[in-house]
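Let's start with one chain on its own, the form predicted on its own, as structure tokens.
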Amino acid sequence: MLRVHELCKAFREGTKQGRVHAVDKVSFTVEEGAFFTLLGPSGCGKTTTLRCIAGLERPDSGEILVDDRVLFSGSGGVFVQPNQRNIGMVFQSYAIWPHMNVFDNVAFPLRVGGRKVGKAEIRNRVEQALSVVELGHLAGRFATKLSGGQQQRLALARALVIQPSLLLLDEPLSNLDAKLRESLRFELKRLQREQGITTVYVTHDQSEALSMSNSIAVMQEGTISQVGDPFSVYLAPENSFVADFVGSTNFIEGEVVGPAGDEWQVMTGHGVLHVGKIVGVDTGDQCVVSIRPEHIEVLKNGARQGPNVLTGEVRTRLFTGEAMDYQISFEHGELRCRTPAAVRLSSGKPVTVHLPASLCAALRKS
């Protein structure tokens, strides 16, 4: 189990005396055997957090514990060196030795750093690691002769060979093409589950985070905006930043009017909208109503009356293969709507849509 408590790390900004807080009081816990993802845009502090856990950066304050072993404590003056942490890490660039073959690349961590591992044990552990990532038949090939996907698996085998208590992955799929990246998501998740290794994964790719993780921490400007399982982060965002960054959403500005039975009413430019819940706001507060494009219902012939029914005009449409994306223009703004590919709406034609209240949420502005 990994526990990070009130972690802080600041860097000096240029030649000025000011310091930028790359990580600002970050706290989270990763249970034994879980796949935990730090998700966020570039510069949000996710990689700095990972490097602090690995020992490649020395935090300014806070605590880092793995299996109740203190790796860093600002108050206790503890800092365990990276090579003594028993942590495996896969970098974005893979950091593979080009002058070594596959076997020697994987064996390298066992031959350096003061580890007393015999030759027979090295061979057994390397062969086992290569078998796990299905590269045993390429043990004698030089690393530069491998494909991108094979190099990624080689880097993973080198991290696994030390039998780490924690595995850290820093955007390991970002250098691969889209199709290979998608297939390797399944590979990584399968290997992590079979090996039962506690894993912390860093990415800016929302689909990677949603498809692979047991739990996700969404980061913004050095802090954590929300922690939860993929379903809650996507379907129940706690603020407008999370709603906007994780997937696509529509925002409608408004003011919370008050409760209406099991729902809430929000006054917007489209009139009063009903929402299933409010988060971080109350009656009289300014807010944004969030609804995902795929949750908007297209009504045939406008055959529906009641709240949250709007009539507009199809402005633009995009075919994405498995779906149709529409930009619908209304008197007081635009909404993005997504339908199955079989549903075809003509550009310039009127369309009536329904925003299900149960799938609408009034959120505080980030």
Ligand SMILES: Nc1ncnc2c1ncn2[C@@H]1O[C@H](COP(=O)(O)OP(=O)(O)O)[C@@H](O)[C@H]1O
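All values reported here derive from a predicted model rather than from experimental measurement. Just count from 1 along the sequence shown to find any residue number.
In what follows, reference is made to the form predicted together with the ligand, a form of this protein that is not presented.
- Though the partner is left out of this view, residue 44 does reach within 4.5 Å of the ligand in the predicted bound form, counting heavy atoms only.
- Within 4.5 Å of any heavy atom of the ligand in the predicted bound form lies no heavy atom of residue 353.
- None of the heavy atoms of residue 343 is located within 4.5 Å of the ligand in the predicted bound form.
- Of the heavy atoms in residue 48, some are within 4.5 Å of the ligand in the predicted bound form.
- Considering the ligand in the predicted bound form, the lone stretch of 306-314, 62-70, 331-339, 34-42 in range is 34-42 [heavy atom distance within 4.5 Å].
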